[in-house]
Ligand SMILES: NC(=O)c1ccc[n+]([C@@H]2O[C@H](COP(=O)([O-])OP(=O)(O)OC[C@H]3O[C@@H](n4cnc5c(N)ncnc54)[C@H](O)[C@@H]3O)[C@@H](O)[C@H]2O)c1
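We begin with a single chain expressed as structure tokens, specifically the form predicted alone.
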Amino acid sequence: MKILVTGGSGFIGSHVADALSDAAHEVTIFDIRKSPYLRPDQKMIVGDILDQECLDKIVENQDVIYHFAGIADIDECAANPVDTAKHNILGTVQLLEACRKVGIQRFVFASSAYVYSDSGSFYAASKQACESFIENFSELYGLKYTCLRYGSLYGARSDERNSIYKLIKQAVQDGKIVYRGTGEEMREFIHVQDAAQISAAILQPEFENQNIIITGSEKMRYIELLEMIKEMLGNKIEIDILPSERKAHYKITPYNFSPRLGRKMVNNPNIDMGQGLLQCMAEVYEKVHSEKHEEMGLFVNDTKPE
């Protein structure tokens, strides 16, 4: 199928684009910047999700739309409610309208486990609004959809907006992790490649007009994650847990009572948490120490003494 991935230059979007290409689909990436991960078998269109004329044009001759464009960071959304409404809600509605005009076969939306949570601030509110618009477009115009409610993702291509990346960077760069919270916060971490494979697998008819929850198979407390990172780095880092006044994030579960249920999917087999963390550490180390490169599994310093 011909598939357009909006926001395909980003963390999760680029991995989903790759998973779709691996499944032999014809993938086009649409983003405000060119993807640094663009493959030879993928096409790239640079544009703005708020440009309706552009959206009308790019959805032509596409079969499926995967929509990842928008502001994905909870703190950024909390600080910028107007921009959140424009890029997350208005951008989605404009894309839905473009899809309605040409009769897209499936609209796949990158939602969140926060969607019906009391946590998540304007980020959660934007996801709730988008899911409501998607359901109404389905009821009024017959547009088939699948909402993917992602949990706590980690893995390659992330940045400091990602909690695990941020913790590992502190450890590698400063030899110390400063964590704000109690350490008892629970998450079901899922490697981004596992999430991407699940995302590509939902094009089967059984997932039409469904809400799919994509999280890890096991719960982990943050204190366990911190100790795991410390041990993997030779127990040479310091962990400092400080109180936090942040209310945007949940402690144990993002869910509160809601009649709009979702089906949970896990990847089997999945990427082991330890192996996933090692991958993240290698990527972070390479960025922090850009003068080094890897040879035979060891990092070598290219700089020469004066």
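Numbering starts at 1 and runs along the sequence shown. Just so it is clear, the structure is predicted and the values come from calculations on it, not from any experiment.
Although not depicted, the form predicted in complex with the ligand is the subject of the following passage.
S.K.: Should His191 be counted as a contact of the ligand in the predicted bound form, where contact means heavy atoms within 4.5 Å?
M.R.: The answer is no: His191 has no heavy atom within 4.5 Å of the ligand.
S.K.: Please determine whether Ile65 contacts the ligand in the predicted bound form, using a 4.5 Å cut-off between heavy atoms.
M.R.: Residue-level check for Ile65: no, no contact with the ligand.
S.K.: How about Lys169: is it within 4.5 Å of the ligand in the predicted bound form, going by heavy atoms?
M.R.: Lys169: no, not in contact with the ligand in the predicted bound form.
S.K.: Closest heavy atom of Lys57 to the ligand in the predicted bound form, within 4.5 Å or not?
M.R.: So Lys57 does not count as contacting the ligand.
S.K.: Would you check whether the ligand, in the predicted bound form, lies within 4.5 angstroms of a non-hydrogen atom from each of Gly7, Gly10 and Asp48?
M.R.: Per the other structure, all of Gly7, Gly10 and Asp48 touch the ligand.
S.K.: Can you pick the one in Tyr150, Phe122, Tyr116, Phe107 that has a heavy atom within 4.5 Å of the ligand in the predicted bound form?
M.R.: If I apply the 4.5 Å criterion carefully, the residue I get is Tyr150.
S.K.: May I ask you to choose, among Met281, Ile271, Ile32, Leu38, the residue with a heavy atom within 4.5 Å of the ligand in the predicted bound form?
M.R.: Comparing distances to the ligand in the predicted bound form, the residue within 4.5 Å is Ile32.
S.K.: Want to guess which of 151 to 159, 135 to 143, 227 to 235, 179 to 187 is within 4.5 Å of the ligand in the predicted bound form, heavy atoms only?
M.R.: That would be stretch 151 to 159.
S.K.: So which bits of 104 to 127 sit within 4.5 Å of the ligand in the predicted bound form, heavy atoms only?
M.R.: Going through 104 to 127 in order - heavy atoms within 4.5 Å of the ligand in the predicted bound form - the hits are Ala110, Ser111, Ser112, Tyr123, Lys127.
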